[in-house]
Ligand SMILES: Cc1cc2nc3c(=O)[nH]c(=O)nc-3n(C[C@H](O)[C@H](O)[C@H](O)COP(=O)(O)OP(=O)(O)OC[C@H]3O[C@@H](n4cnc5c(N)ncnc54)[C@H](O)[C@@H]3O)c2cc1C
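Only one chain is shown below, in structure tokens, and it's the form predicted alone.
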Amino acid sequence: MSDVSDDPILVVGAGIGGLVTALSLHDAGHAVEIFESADEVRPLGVGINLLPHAVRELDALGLLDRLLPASVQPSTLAYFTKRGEPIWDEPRGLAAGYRWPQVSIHRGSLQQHLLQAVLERIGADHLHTGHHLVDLDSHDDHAMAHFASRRGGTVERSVRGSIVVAADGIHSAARAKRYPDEGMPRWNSALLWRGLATAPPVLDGRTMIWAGHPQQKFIGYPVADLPDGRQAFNFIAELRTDDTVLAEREDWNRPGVLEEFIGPFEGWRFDWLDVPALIRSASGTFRFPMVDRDPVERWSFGRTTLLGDSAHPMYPIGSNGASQAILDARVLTGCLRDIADPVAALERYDVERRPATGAIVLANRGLGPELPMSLVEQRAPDGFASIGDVISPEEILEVTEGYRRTAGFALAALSEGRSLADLSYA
């Protein structure tokens, strides 16, 4: 173990990034204490995707057997126009030759499985809820995290650790301390309504669907197989607005209003999917704006660092948010193993992960792997006789494979199969 201090590592945030970080560090022999702002870690959210390189890391932590029965492993990603015409499809996960599947799962289910692993392996007495980070500081031989019991409160408890890993989300208090003038997240004028429907399998029941274009888009994929043969089907209905200023803080749990968005989708009745009927069948939706933050010049300051959405919040394009947080956790663990000085280890983690995730943030602003849908809409807004007259397979493949390389899950990059935590960072 690299840090000879008796102080534990403090992980702030019990979301996906924080829980995986705690499990990874504990697996490597570190003492860990986890601090969560909420009074209870509850299974919130809707669907989420984990890419094969992130699934590899969860497998290395012995978590895959928990997740596979509670998820769907998609074998195909398919692009369609706003009329339901096929543009492109490609294999995903095991079907694409990866050694690990892609995993589609309810975010709350994933978080609960991670939480259960934390309780079993680390212990409930090391998870502290009702702790909202107010401040943090670094000293020569330790770091301090200062907490209040509620957002905006004064410090009620200060905790000493060997290092502090802030995985406290897009509104990170730790990031705000390092970048006090950053302000609100950047908004691209798009609003997303996310929901879960119970429905018969769409297409083969193992296909992720992207339909439409940047101004109006529908994304859907199953996250669980149900005993009656139906599936829990996650969907995102996205509309670009004319607004330029984000008037309210985004919230994963803000209820959506059907009348706000269903109108533009009324005509999206394809021979393989009735989009408005599927949306209406959901018990409700959650609405939030598509936001991110600019990449910053550093995450690590002495014995403190950022991880996950606190470090690199990105648009939910390309299934990368949670996946990149998992990669952060594993690289951080490897750096702390190989480098005796914790400050130097956090600096190396910063160098390893910050440029890579910054490139994804910027790629997602450029539509990432969804660019072919935009090109088809620009070139053939009224339809086409043959997709080959509009865009070539080579042009699509150049975009999609380029994004896989940027995001770190190109097939060749995963051929060796070693966990990021096992690589050398000395």
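All residue numbers are counted from 1 along the displayed sequence. All values derive from a computational prediction rather than experimental measurement.
This protein has a second form, the form predicted together with the ligand, left out of what is shown; the following refers to that one.
Distance criterion of 4.5 Å from any heavy atom to the ligand in the predicted complex singles out Leu133 from the list Leu133, Leu196, Val118, Ile87. Of the candidates Gly256, Gly93, Gly321, Gly334, Gly321 is the one whose heavy atoms come within 4.5 Å of the ligand in the predicted complex; the others do not. Taken together, the three residues Ala190, Pro222 and Ala237 all stay farther than 4.5 Å from the ligand in the predicted complex, as judged by their closest heavy atom.
Although the partner is absent from this view, Glu33 stays clear of the ligand in the predicted complex, with no non-hydrogen atom inside 4.5 angstroms. Residue contact with the ligand in the predicted complex: Ala143 places no heavy atom within 4.5 Å of it. Residue contact with the ligand in the predicted complex: Leu67 places no heavy atom within 4.5 Å of it. Not displayed here, the ligand is kept clear of Pro201 by more than 4.5 Å at the level of heavy atoms in the predicted complex. Residues with any non-hydrogen atom within 4.5 angstroms of the ligand in the predicted complex fall in just one of 256-264, 93-101, 124-132, 207-215: 124-132. Shown here without the ligand, the chain has Ala167, Asp168, Gly169, Ala173 in 167-184 lying with a heavy atom within 4.5 Å of that partner in the predicted complex.
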